[in-house]
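In structure tokens, one chain follows: the form predicted on its own.
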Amino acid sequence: MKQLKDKVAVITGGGSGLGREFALCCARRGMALVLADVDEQGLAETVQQVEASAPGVQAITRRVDVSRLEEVQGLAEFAKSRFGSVHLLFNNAGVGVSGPVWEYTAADWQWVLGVNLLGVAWGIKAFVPIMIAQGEGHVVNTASAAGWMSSAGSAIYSASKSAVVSISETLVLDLKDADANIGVTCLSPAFFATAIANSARNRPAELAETAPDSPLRRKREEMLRYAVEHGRLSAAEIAEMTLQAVEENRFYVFPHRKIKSLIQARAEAAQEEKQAFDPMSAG
């Protein structure tokens, strides 16, 4: 989708981090914005920044829990009723927990998979039919380097992001089957400064954390926080790379170039069929 001016972008997770930077990038290109998040204060702050950086751009918000199909469908109806169409969808909302696989609770699995996996599935289900009917559109799914390789303490997050990669690749093939003029981009960044390490702030009460406060869990949480805080790329840089990929209709986006060499090393480990690949040891 080369021309984005005067188009409509819908962004989940728009209340902070990468979602906020997507909003700012789209606003600078003259797009109208529909921002969704469970964090209403964060949404208001994003709108303030959009208005300051791109006066005149329309930006509306809606509280949405992307794990709930009916709320994502409501978002699609809200966007279409306000602007008449939706051209660019960012399935971006994401959360995470850390710890060894055997310590995760049922609530951990339900929360993370609900947001990271079902949020993408419901976004596609609600918005792609609109795009097909109007004859154009583009979907950006935020995956992760964790979708291509696994590290200790990241089982649920990696599982969810691996699924996003698979869904994204399959979506391209399904759209080709349907002869639909819809682009897809799968974004797979590594660590960068964002609020993912503090995502529990928006965790619903009915899925509250009850896992034991174990040394392994604390170790992995501390390592994640350090990695996020010391990321070499900013969310703004990653957002701009992603928008450029949309304009060039590119599917794979790996902002951190080293990730592709690690993916290759993982493939080589699979060829050897001996040891599970450890990206931290290969790093």
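Because the structure is a prediction, the values reported are computed rather than measured. Position 1 is the first residue in the sequence shown; the rest follow in order.
In what follows, reference is made to the form predicted together with a small molecule, a form of this protein that is not presented.
Of the candidate stretches 130-138, 148-156, 167-175, 201-209, only 201-209 has residues whose heavy atoms lie within 4.5 Å of the small molecule in the predicted complex. At the 4.5 Å threshold, heavy atoms of Phe83 stay clear of the small molecule in the predicted complex, well away from it. Although the partner is absent here, Val184 lies well away from the small molecule in the predicted complex, with no heavy atom inside 4.5 Å.
The small molecule in the predicted complex comes within 4.5 Å of no heavy atom belonging to Leu89. Contact check for Gly123: every heavy atom lies farther than 4.5 Å from the small molecule in the predicted complex. Among the residues Glu221, Asp65, Glu240, Glu247, the one placing a heavy atom within 4.5 Å of the small molecule in the predicted complex is Asp65. Residues Val10, Glu45 and Phe78 are none of them found to lie within 4.5 Å of the small molecule in the predicted complex, as judged by heavy atom distances.
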